[in-house]
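Taking the form predicted on its own, here's one chain by itself in structure tokens.
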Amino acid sequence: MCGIAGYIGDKSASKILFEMLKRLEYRGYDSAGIACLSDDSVVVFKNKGTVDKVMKESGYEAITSKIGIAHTRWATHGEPSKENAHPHCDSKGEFIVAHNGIIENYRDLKAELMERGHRFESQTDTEVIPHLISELYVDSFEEAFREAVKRLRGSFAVVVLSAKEPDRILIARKDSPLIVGLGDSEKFIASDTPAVLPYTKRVLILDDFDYGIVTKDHVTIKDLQTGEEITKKVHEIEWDIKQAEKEGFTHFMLKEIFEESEAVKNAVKALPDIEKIAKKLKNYKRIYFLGCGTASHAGFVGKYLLERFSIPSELVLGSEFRYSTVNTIDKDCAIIAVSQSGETADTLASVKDARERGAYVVSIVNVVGSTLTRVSDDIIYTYSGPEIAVASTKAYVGQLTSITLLSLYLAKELQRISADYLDEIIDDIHSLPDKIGQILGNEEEVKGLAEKLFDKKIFFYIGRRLNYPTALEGALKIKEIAYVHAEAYPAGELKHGPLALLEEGVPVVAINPNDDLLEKMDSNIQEAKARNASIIVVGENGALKTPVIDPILSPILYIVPLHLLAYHIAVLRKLDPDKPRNLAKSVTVE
């Protein structure tokens, strides 16, 4: 997985490419590189390390070029190293490639090419692409590129330069995102919209099996199989450039936590779509929430909400769904797929399989125009704005808000709740932004708690019903950014094994809303306290204090102090919460 950038125009390509990479670094940050065409020669600079590090080493100011491609890497094939960093070239240095995805048949292609005399320098799957283009080249860059891409199996977003035709960049995609930003006499190629926001808000979005020829004045998109030209819609990005910048915050993650109030407000904007979709959902016998990582926790809350209203539902992980649950899917099933990026490979593959079996698919997604939105029957946008930190915060709050609204309106359609009750909860949802603001206003208290906990080596998170997923999400955040071992359990499960791990000083974070299970949660807390654990209660009277809210909405509110706690523990451990090791924002590979 990675961030891909490309530029062609009249400005300094090297400068713009590094600027674009900085805005894509959340997609991968173990190595980086650029390749530019300069005076009919190819200049490639790449190395292990951050974009800033590679940029400083490259001497980019001295590269006189108006066309180039660039890449920031998250390793899949081959360890992070200079040799494995992109871009990659063929043996003659005539074709230069940056690639996101996985070429599943690269071993076969590599063996075939080596028999024909090609020599490889890296451990990557990507390096077969420039060699394959070189092998197929006769007198047309486009034809060699197209034939090479047709031979690739797996997922890919590919951008290619050629010294033979230095006035164009060729691009193609399958199962990995790729866009083209449209400027006046200049074009920008990227994996995601934040990279192009400083330069243009007008973009073309490639679909699977599209390929394109990009010059400074024109973009031509064609069908990979037929070679026929395709007319693409120009999308206008609604995000503001300031939303993709830190605006005075130390880290993107902290900024995005402080945007969680707005995330609730923005998600409510989709209410007209949610009402229409609820009317369709009521006709399906089985409902499945589908997601990966944080998105799966949001879906888990949805499962509990629907069960609260006596509506059967299931949560299935995207990485498991297509290998098991899909065998039970038919036209009576509805899938609610949750994804911030709309590009998560496991979720996308599962959705495609479900649709082939006749299921109705609704996607809850943040990124407008993403692949998931184009393979779904209906879409609920969360409108959370760009989320740059790898660990999701405001997007999760947006997902929870959307799922809660959808669950409520479906319950009303099925006559499981009254219109009056729905109105009451909607009023409470409108109160959430102010209540989130109250929690954020107590940041110093949360920071003080973090100072007492940051050196602990293990955490337990417990919750019941709707807030078992909150426990899962709280534990995931501290694992992701603070590298602390954390376990999450339904509170009633402590006595079935985990109590054996509790000893003096082990933090147990108990999510304890004021609902009908309050006394049972108190009993579980006492069990942990009897083992001399350090108890941190999230609730109206807890160490992580929350305002009064209807328990139905507690997952949206109670995750906020847990986000803050994880953030401050990471910072106190001198870690960068925006770029956790070994992780990437948009997981576009299986």
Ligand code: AGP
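Treat the numbers as computed from the prediction; the structure is a model and nothing was measured. A residue's number is simply how far along the shown sequence it sits, counting from 1.
One more form of this protein exists, namely the form predicted together with the ligand; it is left out here, but the text below deals with it.
Heavy atoms within 4.5 Å of the ligand in the predicted complex map, among the stretches 169 to 177, 352 to 360, 332 to 340, 254 to 262, onto 332 to 340 alone. Each of Gly293, Gln399 and Leu476 is positioned with at least one heavy atom within 4.5 Å of the ligand in the predicted complex. The partner is absent here, but in the predicted complex a heavy atom of Ser392, alone among Thr371, Thr126, Ser191, Ser392, sits within 4.5 Å of the ligand. This chain is displayed alone, yet in the predicted complex one of Thr382, Thr72, Thr344, Thr470 has a heavy atom within 4.5 Å of the ligand; that residue is Thr344. Though the partner is left out of this view, Asp90 does not reach within 4.5 Å of the ligand in the predicted complex, counting heavy atoms only.
Contacts between 249 to 275 and the ligand, taken as any heavy atom within 4.5 Å in the predicted complex, involve no residue at all.
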